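Presented as structure tokens, the chain that follows is alone, the form predicted alone.
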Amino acid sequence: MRVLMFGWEFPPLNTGGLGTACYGLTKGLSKNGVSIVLVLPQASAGTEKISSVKIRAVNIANVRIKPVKSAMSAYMSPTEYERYMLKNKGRKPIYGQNLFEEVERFARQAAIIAREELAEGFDIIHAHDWMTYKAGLAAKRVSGKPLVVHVHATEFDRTGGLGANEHVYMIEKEGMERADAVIAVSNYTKQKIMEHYGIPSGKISVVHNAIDKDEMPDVRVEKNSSEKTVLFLGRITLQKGPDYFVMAAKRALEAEPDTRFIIAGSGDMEPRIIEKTAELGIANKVLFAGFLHDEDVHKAYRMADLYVMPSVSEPFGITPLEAVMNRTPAIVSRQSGVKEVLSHCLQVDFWDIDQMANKIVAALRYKELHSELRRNGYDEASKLSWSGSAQKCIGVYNLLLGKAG
């Protein structure tokens, strides 16, 4: 089987979980004998020739990368955000100014690539998230091949349901309606797709994200402090709930003052969260580590005594799996999909600051609880694999192609 795949980020040049998921799924498909032509915007494939970039896909068998000249990038940086807010009033943006032009440019190039690839032949088109849906539809139009759109997040997740961008919503809706099949990363996301986009249940297949035990780097860390460490790792945006994290930190510190909180990541809310820690009087207890890459991510998990994912709406959430695979217990938002595959974690509503603080204190204070979460979370996540997720995707492909299996 041969797949023409469209993505917008890929390790090591990624801003969040989508790149991690695309890498895992691509590798899983390759292990199951699927050949992939992976189309990426130039910003994700490097600024020069693709051969000069140490992008992980070049090391995966049966994967060939096709770069497209495009500066497509989903989110504003903190600097861009501050500049925008100084010049404009009204709803806060999360998308860059020229993003929609780049989406259209990417789609035009996708049609050209699809025509070129028809000579060698491909069976399925697979498009990841809204920025590539127009590209997937363009490829479908010129090739006549079935299109699968993969929903890693919806506009209602990214904005927390507040001020959804109508243009993005319409691109998502059109993509899902005109695709031959929709893949959602969780049942939580499937319900959102049905509720907000009117897509029938039978058209949506759930393929959970995963993690591969053999992909975990062998990193060692030395804990030189007697302080307990609680980690937030992700984009510092409304969706990820960093404001709830620091408010819970304030309350947890009242019970466990010998604790430090680390925020690793970047995003448009970063300046505001830094200000918030000062307002709460906990600036000396909160460290902003910035965006971490590769092994530094896993070092952060291993340095931490507890990981917290307080997302307002999280379609899946790979980071808790990464945390428990590094033998760090996790607290996850009930408004997330990862809880469908990881039951050995503590769960809390993102908005319930008191309960979040109580569970942080409990996980740090009670050794038996900490040990059980650490051991059972690791064992549960160890049973997951991207190869298993890939097999479910292949099942969707086969149904569209009318094959058995």
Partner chain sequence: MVDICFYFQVHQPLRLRPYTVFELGKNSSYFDEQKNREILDRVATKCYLPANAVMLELLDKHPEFRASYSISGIALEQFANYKPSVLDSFRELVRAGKGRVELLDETYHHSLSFIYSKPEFMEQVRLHSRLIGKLFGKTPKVFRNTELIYSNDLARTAEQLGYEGILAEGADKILGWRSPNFIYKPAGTKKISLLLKNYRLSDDIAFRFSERSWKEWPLTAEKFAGWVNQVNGNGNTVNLFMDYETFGEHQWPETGIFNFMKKLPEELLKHPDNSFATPSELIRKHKATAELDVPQMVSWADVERDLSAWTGNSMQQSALQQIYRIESEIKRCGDEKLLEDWRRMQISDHYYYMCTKWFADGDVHKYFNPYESPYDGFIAFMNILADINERLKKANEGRELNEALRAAIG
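Residue numbers count along the first chain shown, from 1. All figures in this text were calculated on a predicted structure; none of them were measured in a lab.
From this point on, the text means the form predicted together with the partner chain, which you will not see here.
None of Val68, Leu364, Cys345, Val37 but one reaches within 4.5 angstroms of the partner chain in the predicted complex through a heavy atom, and that residue is Cys345. Only one of Lys203, Arg178, Lys276, Arg334 comes within 4.5 Å of the partner chain in the predicted complex through a heavy atom, and that residue is Arg334. Heavy atoms of no residue among Met131, Lys134 and Asn165 are located within 4.5 Å of the partner chain in the predicted complex. The partner chain is not drawn, but in the predicted complex it has no heavy atom within 4.5 Å of Val185. Shown alone here, Ala252 lies within 4.5 Å of the partner chain in the predicted complex, counting heavy atoms only.
Contact annotation for Asp379: none of its heavy atoms lies within 4.5 Å of the partner chain in the predicted complex.
Contact annotation: Val63 falls outside 4.5 Å of the partner chain in the predicted complex, judged by heavy atom distances. In the predicted complex, Asp354, Gln355, Ala357, Asn358, Lys359, Val361, Ala362, Arg365, Tyr366 are the residues of 352-367 with at least one heavy atom within 4.5 Å of the partner chain, listed from first to last.
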